[in-house]
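First, one chain by itself: the form predicted alone, in structure tokens.
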């Protein structure tokens, strides 16, 4: 009997171990970081709803995805760049095939032929972007960019290496994004000079954005005392290369890198090329935080997707997770993981928004994963949109619902506190900032509360002070009067 009980206990323990291991590698292990840098479990904000892979729905046996190297959604269409199949697939809102782009044609439907009498056929396209004016395809294998009509898919413009392009960078376009003015921002492979900015006519404008490398103090010391001949023999320090680029609705340019030699991994460049990314969260380090003093690993990012209300998603290539941040740099949620089962990724390459859904592309799994918001996630994104657009009362009401669902969600407490702070309800604001462990805003609210107390009780303080002054003067007067009387006697 004892052996049976022991065997049963071991079986239960084994099942629990496997269940735990499985949970750690599924999308159910969503978490957020608290003020102390500890990872706390959180409700899932996203759940996997569809996998786009193999033969695309609505297509034929020839319309098969072999790799997903880039995804982009615009105006009811999802674009998938497949560098292995040498194609770009265009899907509708239901993820059914609209068109397959491989051979480039002109407005009359004829195959485009270049000066060498070669047909314009895509070769290893790694990047795709679209707006109301064009579909932009990085024909990486042929070192060019095609601009197609979004309705007819006819060629509108071909951009080869600009004649006025300077520097040593080879023109091998990999990723592309376009701002509101039509300027193209192109990431080329292994460029140490920055993102290439092209004018609307395809001419070279400048290298855009600065990606500063980490510099060792030891190297700086040796270079400061080295001779000119020794400096020539020392290894040069190059700027880390960007791997992806995106633009937001305000025309700012986001960029990411996977190079661990970079000081920063995520950038939001203004028109001057300065990084103005806001980092007002608990930590300035984006992605996973170190689990201990021996953990020096740092998240690297393959892509970034930006919503119209400032929430951006980062695709981590270290642990294959998706990190969601709001405009101020507060972490909203984390999901995903490394693996080959649903909800995890093997070789994630790209990410984009489809409404409030997120689509993640994986090259090795040759799949695009569609993640839709849960009830909790919908509340989080709705609250962020309301707050970003200035509807603070509505955002606060939504955050009240969020903390009722997840009491560990510090960011919601802080957001509610900010609303009370703007309404000069300092005491209530202090309560929520304390719950959210936000010392900075707590100090601000405390200062406002203190000033209110001073204003409220100032008349009493003034009366007491004046009474004290009168009492002191009276006692002094009475003392001197009594001393004078004693002297007369």
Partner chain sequence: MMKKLLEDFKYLLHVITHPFDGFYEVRFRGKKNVYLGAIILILYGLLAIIKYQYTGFIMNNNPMFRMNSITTFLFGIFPFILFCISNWSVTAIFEGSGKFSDIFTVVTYALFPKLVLDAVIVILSNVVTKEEATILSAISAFGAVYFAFLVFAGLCVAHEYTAATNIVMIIATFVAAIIIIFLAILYITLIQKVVSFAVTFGSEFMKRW
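Here the structure is a predicted model, which is why all the values come from computation and not from measurement. Residue numbers count along the first chain shown, from 1.
Another form, the form predicted in complex with the partner chain, is not on view; read the next lines as being about it.
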Contact residue in the predicted complex, chosen from 55, 49, 66, 437 - any heavy atom within 4.5 Å of the partner chain: 437
Any non-hydrogen atom of residue 461 within 4.5 angstroms of the partner chain in the predicted complex: no
Contact flag, residue 450 vs the partner chain in the predicted complex, heavy atom cut 4.5 Å: yes
Partner proximity in the predicted complex: residue 442 to the partner chain, non-hydrogen atom cutoff 4.5 Å: yes
Contact label in the predicted complex: residue 35 to the partner chain, heavy atom within 4.5 Å: yes
Proximity to the partner chain in the predicted complex (heavy atom, within 4.5 Å), stretch among 416 to 424, 429 to 437, 55 to 63, 41 to 49: 429 to 437
